[in-house]
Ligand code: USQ
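Presented as structure tokens, the chain that follows is alone, the form predicted alone.
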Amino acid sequence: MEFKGHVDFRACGQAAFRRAAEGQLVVECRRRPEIGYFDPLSITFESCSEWKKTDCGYMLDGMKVLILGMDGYLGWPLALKLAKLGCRVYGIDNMLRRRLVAERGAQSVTEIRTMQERVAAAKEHLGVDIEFREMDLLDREALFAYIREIRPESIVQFAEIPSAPYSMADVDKAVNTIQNNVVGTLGLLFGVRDHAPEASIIKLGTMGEYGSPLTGRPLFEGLFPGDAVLQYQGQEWSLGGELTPRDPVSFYHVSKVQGTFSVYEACKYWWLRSYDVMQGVIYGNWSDELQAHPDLNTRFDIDEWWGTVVNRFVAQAAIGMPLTIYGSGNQTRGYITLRDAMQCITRLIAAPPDPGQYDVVNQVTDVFSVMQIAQMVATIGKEFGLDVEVQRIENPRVESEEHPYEVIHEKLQDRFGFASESGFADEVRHLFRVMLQPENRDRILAQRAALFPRTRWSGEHGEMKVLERWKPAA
């Protein structure tokens, strides 16, 4: 059946299907039961009162979205963006990230308000209402009650401990990561099954689930394409639709792989629907909503455990600290700005998958080596009068430093209309302007010791040796 140009009720989340006596497919809208059964091809996006056009495609008007981990680097800017688009936004967080960063002796470079102050600031400066409750994802009784109360139409799972170094530091931190991420996601799936089975689930995965295959095998988007085949000893088998191999690079990434399999199986067993987002390394802190007022800042971490490489490099350059490259610096990964990542997630929320469908998108816009990033940050730093030094240090991780990296990332652009709104150079320039503000630079200096890596994947102890220092040419 052709649904192009019409509301796709297979993926609407509001449609109950029936077959008429003649075998014709008819649907019933849960939002508007008074209109009874009707032919789905009779309703277009323009004519359906429940849909409205936004910058991220057609979206259910007043769509109820539950964000798990709303206080985080990603959760808060997503809440602001969705609320501005007219969604009814709800969120929970147990505030664990704030506590763990403080225990590390670090802090967000940009000052962040309490969640109560943030919600009030969103109302004052953006004119939007956001509901927040402090709640632990592992408190299943409270979580299930909240899901029953609000009956979300989309659920975004950001409530995970997002640090590979933290997960490798010691046994307690490894167990904490696995317990929070794996058990939390598994419990959530039961809550969706029993209390909001029509809701779409946006599960945040990571490109690190795939690892970096030394064969150069392409990193397909979660599942092998239909024409992929396995040839062995003169025989051939189709791989189309099967999950692609995983090779997680830390216990944190192990927890993400387990989450992938849990969601995949839940869609199969219970007819749930989910997008699994294999996300590249996110950097930056710019969005239209975040810029409305400083009280709306999202957190911005730079230390070894909680910062990402681009953010940390800019902070190091801002205080005259050498940029720390692990080993050769030829480790290659996919990257995406915060602004682009928020657009991607929003587009997935706006276009839910079919019931029973598990699908994967690779969310990256650029592929760089760590050495390339250091050179680009150093070059841009010169525009701000900074004489940036780079140092190669002993690699604390157990990884291959020389490897091919062929990532496929086509679905977001081809199927969901994504187009990048920000690039590396402009985002890094913005970060330098933020990091060089006196109060922010002081906050970086106060945690300078936390910027140098001390966590070895091997379990050994001792300072990482500096192998080489130089200043990149312009």
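Start at 1 with the first residue shown and count on from there. Quick caveat: nothing in here was measured; it's all calculated off a predicted structure.
This protein has a second form, the form predicted together with the named molecule, left out of what is shown; the following refers to that one.
Of the residues given (299, 140, 88, 397), 397 alone sits with a heavy atom within 4.5 Å of the named molecule in the model of the complex. The listed set 84, 98, 347, 333 contains one residue whose heavy atoms approach the named molecule in the model of the complex to within 4.5 Å, identified as 333.
Taking the partner from the other structure, the named molecule in the model of the complex has a heavy atom within 4.5 Å of a heavy atom of residue 370.
Interface membership of residue 119, defined by any non-hydrogen atom within 4.5 Å of the named molecule in the model of the complex, is ruled out.
At the 4.5 Å threshold, heavy atoms of residue 76 stay clear of the named molecule in the model of the complex, well away from it. With a 4.5 Å cutoff on heavy atoms, residue 207 counts as touching the named molecule in the model of the complex. Proximity to the named molecule in the model of the complex, taken as heavy atoms within 4.5 Å, picks out 199-207 from the listed stretches 260-268, 177-185, 228-236, 199-207. Residues are counted as partner-facing when one of their heavy atoms sits within 4.5 Å of the named molecule in the model of the complex; in 261-285 these are 279, 280, 281, in sequence order.
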